[in-house]
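Next up: just one chain, as structure tokens, the form predicted alone.
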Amino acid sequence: MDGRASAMRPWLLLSPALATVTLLLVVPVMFILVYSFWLRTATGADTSGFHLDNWIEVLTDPFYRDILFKTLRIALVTTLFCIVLGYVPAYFIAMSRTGNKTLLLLLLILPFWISYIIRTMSWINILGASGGLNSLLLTLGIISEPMRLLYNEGSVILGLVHFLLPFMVLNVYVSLEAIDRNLLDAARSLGASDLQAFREVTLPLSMPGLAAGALLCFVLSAGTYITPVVLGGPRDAMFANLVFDAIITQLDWPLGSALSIVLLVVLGSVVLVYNRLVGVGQIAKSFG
């Protein structure tokens, strides 16, 4: 009896977390999965049952395939920019010998206190035809007419990098902060230069944080909706925009459910690969 109680104790301790995950994640996803097999009739009503029409359309129509590939490409480019631009400030904060690390981290997370929508829309005042950047270039005589900097793929990527860069910096910072400084001193005592110590010690040990930040940036950018709507043009829609249009504009909930499951499976596969190679625990360290 005691052995049986001991075996049940871990499940009892996990029961609140398991119930929360089941009710807030598993059950809603199952509802969406079931709804994806329903069918929207010509009258606008949804017919229950097991119909494959939505899945056949989603998996065979090249329109959805092209949008999905473009979404993954934009997410990959955004992630690469975040890696390049995020490592330097993270390294500066982690290796700083001043007592202002707390202040620097506070300034880093300060943008999170402002609405994501407001931060995205602020780029309109910067990149618009009469925005700050064009006005400055016209005043300096560098250009003779305003440049088209908005409503294209470049502005979408810029907005995503602006939104996701703090996630990358935080993850890399946690990895760099955990590095034993004695390892760097040992490398230098063995004749390694600062560049060699960085290449052989610092960079390899910071790779888990870099990978965790890359995963967050990729998944969040691939599933974004607001940035393409505000900063993109008609040809810059991403996969989440298709889900919104199917459900809200066309009122085709079954098709929107099928599209949602496709995006969930694709991004879930990326997370599973990452978990196999690195482990999702690194992300928890960054926000713990």
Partner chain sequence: MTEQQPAVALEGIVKRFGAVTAVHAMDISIEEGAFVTLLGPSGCGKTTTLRMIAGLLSPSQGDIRIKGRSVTATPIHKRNLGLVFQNYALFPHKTIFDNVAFGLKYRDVGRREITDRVQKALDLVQLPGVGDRHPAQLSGGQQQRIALARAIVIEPDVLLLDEPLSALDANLREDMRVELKRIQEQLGITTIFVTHDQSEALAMSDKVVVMRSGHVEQVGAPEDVYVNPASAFVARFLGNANLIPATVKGRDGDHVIAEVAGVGSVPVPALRAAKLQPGDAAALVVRAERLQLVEQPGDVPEGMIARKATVTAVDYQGQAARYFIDFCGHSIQALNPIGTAPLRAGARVTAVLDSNHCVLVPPEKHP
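The shown structure was predicted, so the numbers you read here are calculated from the model rather than taken from an experiment. Residue numbers count along the first chain shown, from 1.
One more form of this protein should be noted, the form predicted together with its partner chain, which is absent from this view; the next part is about it.
Enquirer: Just one of Lys101, Arg188, Arg73, Arg148 has a heavy atom within 4.5 angstroms of its partner chain in the predicted bound form, so which one?
Expert: Selected residue: Arg188.
Enquirer: Please tell me which of Val77, Leu216, Leu165, Val201 lies within 4.5 Å of its partner chain in the predicted bound form, judged by heavy atoms.
Expert: Exactly one listed residue reaches within 4.5 Å, namely Val201.
Enquirer: Among 188 to 196, 109 to 117, 165 to 173, 129 to 137, which stretch has residues whose heavy atoms lie within 4.5 Å of its partner chain in the predicted bound form?
Expert: Correct option: 188 to 196.
Enquirer: How about Asp180 - does it come within 4.5 Å of its partner chain in the predicted bound form, if we only consider non-hydrogen atoms?
Expert: Taking the distances in the predicted bound form, the answer for Asp180 is yes, it comes within 4.5 Å of its partner chain.
Enquirer: Tell me, yes or no, whether Leu158 is in contact with its partner chain in the predicted bound form, where a contact means a heavy atom of each within 4.5 Å.
Expert: Leu158 lies outside the contact set for its partner chain.
Enquirer: With heavy atoms only and a cut-off of 4.5 Å, decide whether Leu205 touches its partner chain in the predicted bound form.
Expert: Output for Leu205 is yes: heavy atoms within 4.5 Å of its partner chain.
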